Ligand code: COA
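Only one chain is given next, in structure tokens, and it is the form predicted on its own.
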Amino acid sequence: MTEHVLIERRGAVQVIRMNRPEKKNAITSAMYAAMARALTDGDADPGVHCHVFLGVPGAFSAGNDLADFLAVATGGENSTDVWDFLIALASAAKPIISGVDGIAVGIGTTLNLHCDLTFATSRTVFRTPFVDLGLVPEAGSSLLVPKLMGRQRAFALLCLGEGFSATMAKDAGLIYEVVDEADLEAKVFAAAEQVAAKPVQALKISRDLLRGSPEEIVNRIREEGAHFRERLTSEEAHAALTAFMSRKKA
């Protein structure tokens, strides 16, 4: 496991915590691989009844690590870790709960589409600037967000890159509850313990009925992924990503 992903067991709850505060939890290939492995291992462990995703104070995730993306865009490497994680996330057999505080950009937003309950603090802003970077939506968001929020709000989030406050996200059905910063993890763990205490098979069948087959979502993730990889090597995306990195260094 990378030191930037901390895995903890709290009884029947597996906690997956992104822990790269100096980079606002920008996710590297190694972090994706660690989180995919944690989901797969947790699903295979009968002692785990629920997964929890957390970040650090003020930063759930700033999205993908753009240095990794630039390496792909310039032909330096071609990792599948991100896609392996997204498929593991969409296919997870056990309930997932997330606690989001502060920055939630790109995958920091779309990860929560696969969660059964998401709690967020009032200072959280959800934003997906894919198009601004010359890219396209990922994580099945092009399928899930219009179903969840309606086409126009989906366009605002995924294409315009508009930020959604926690209150807006709750009103749109993206998250379950807005909580105080000091109460976030207590709320998340209380919910996770409640879920983990339910009859396992009855909860699994009920969750599966609510979610439906993951096949459609996995297929969309793969379709998005093909476009995403093509866009990463495009002049448009390379210019946008390079300009963004230059602004960060200025």
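As the structure is a computational prediction, the values presented were derived from the model and not from experiment. Numbers for residues come from their place in the sequence shown, where the first is 1.
Keep in mind that the form predicted together with this ligand is missing from the display, and what follows is about it.
*Taking the partner as it appears in the predicted complex, which of 86-94, 125-133, 147-155, 164-172 has residues with heavy atoms within 4.5 Å of this ligand?*
In the other structure, the partner sits against 125-133.
_Please determine whether L66 contacts this ligand in the predicted complex, using a 4.5 Å cut-off between heavy atoms._
L66: contacts this ligand in the predicted complex.
_With the partner left out here, check for me: in the predicted complex, does some heavy atom of G106 sit within 4.5 Å of this ligand?_
Judged by the heavy-atom cut-off of 4.5 Å, G106 is in contact with this ligand in the predicted complex.
*asked:* So, H238 and this ligand: in the predicted complex, are they within 4.5 Å at any heavy atom pair?
replied: Flag for H238 set to no.
*asked:* Is it the case that A196, even though its partner is missing from this view, gets within 4.5 Å of this ligand in the predicted complex, heavy atoms only?
replied: Answer no; every heavy atom of A196 is more than 4.5 Å from this ligand in the predicted complex.
*Please pick, from I217, V188, A36, A62, the one residue with any non-hydrogen atom lying within 4.5 angstroms of this ligand in the predicted complex.*
By the 4.5 Å criterion, the partner-contacting residue is A62.
*in the predicted complex, which residues of 12-35 put a heavy atom within 4.5 Å of this ligand?*
In sequence order, E22, K23, K24, A26 come within 4.5 Å of the partner.
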